[in-house]
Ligand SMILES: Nc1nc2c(ncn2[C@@H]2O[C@H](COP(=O)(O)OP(=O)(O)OP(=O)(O)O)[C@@H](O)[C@H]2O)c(=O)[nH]1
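First, one chain by itself in structure tokens, the form predicted on its own.
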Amino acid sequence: MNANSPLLLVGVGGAGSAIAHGVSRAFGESMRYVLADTDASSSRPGAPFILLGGDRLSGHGSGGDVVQARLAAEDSLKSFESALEGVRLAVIVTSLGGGTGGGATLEIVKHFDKRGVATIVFATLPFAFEGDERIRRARGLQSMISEASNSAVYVSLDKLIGDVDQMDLAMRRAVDTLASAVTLFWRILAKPGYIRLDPERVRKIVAKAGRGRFATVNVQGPNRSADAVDALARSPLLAAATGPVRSILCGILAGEDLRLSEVGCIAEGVRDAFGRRASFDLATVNDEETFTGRISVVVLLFESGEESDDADDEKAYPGGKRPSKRTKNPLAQGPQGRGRFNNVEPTVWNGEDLDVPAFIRRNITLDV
């Protein structure tokens, strides 16, 4: 691993550790990373591993208990100190709906924040067939993780695998798709092309990003730039929006055959599709060995962050359509509507913050 890298990949929980390990292998180069779980069986040969709550749970896992997972993480926060040396940005991969992923991720993110490390969380959400209870628990955890982290990207496993039915192929697609987004940060810095982003700019983008979505496309042929834009505009991973797109990070991975006109086509097409008013950052990655003859485009959209001065307000919304306005709820004070409980440790039960009023947790709009 590259001990001098300002980037750190962290896999939390059983699924998060498996995905992060897969991402590190897919990257194919030295990547600074660490796995963390309450279950000792999540460790991988040769991979740095932190056993959360060893004295409390003895390496047997949290049993799906979010509270136990949070306590286990609190017990073990000092174990991250050596891994955080020199780190400016941590990319955290986790899975919500069970115990360790949701409970431990929250405490780890808060600890990193105290150490001055910016965090972006990539969290998978349960399959539909896993049941309403598990999905509801995951949704309850989303608001708390979003509040604690600098930015967070949530994606359902159903959308990640698409129409693949065979189990091993489906999980491989999920890992590959996540890897394309997660490794973008490393590729931007390790193999910069003609348009570069330095580590501090990448950190600044993440630090002000907020909640986001991502998608990646791979194209080749004479019209590959236009085909890439069209595929991104139709991607189901970018379809679900709850607010205007405020920030866009676009990475173009290609070989030496990349043309300036193609970069312009992709940049303009992405801005037209997802928001002219949004702040826009573009980086190209030059990887002749992997991408010659084809282009891979990774787009991350964030629904908060720095706004530009562009007056074209309609373009700030996906598809150019402004959502209907809702009356501001006077009871939803502070981040995520925690109000006077904002600086108090949340009361968590079944993955939900009970200090947040029920109508906010259930996304119910009140006419006031």
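A residue's number is simply how far along the shown sequence it sits, counting from 1. Bear in mind that the values here come from a model prediction, so they are computed numbers and not experimental data.
The form predicted together with the named molecule exists for this protein as well; it is not shown, and the discussion that follows is about that form.
Between the named molecule and the residues G251, G98, G275, G212, the one pair within 4.5 Å by heavy atoms in the model of the complex involves G98. Put simply, of L157, A267, L237, L84 only one has a heavy atom within 4.5 Å of the named molecule in the model of the complex, and it is L157. For G63, a non-hydrogen atom is located within 4.5 Å of the named molecule in the model of the complex, even though that partner is not displayed. Shown alone here, L9 lies farther than 4.5 Å from the named molecule in the model of the complex, counting heavy atoms only. Not displayed here, the named molecule is kept clear of V23 by more than 4.5 Å at the level of heavy atoms in the model of the complex. Though the partner is left out of this view, R134 does reach within 4.5 Å of the named molecule in the model of the complex, counting heavy atoms only. Proximity to the named molecule in the model of the complex, taken as heavy atoms within 4.5 Å, picks out 119-127 from the listed stretches 220-228, 252-260, 190-198, 119-127. Contacts to the named molecule in the model of the complex (heavy atom within 4.5 Å) from stretch 38-53: T38 only.
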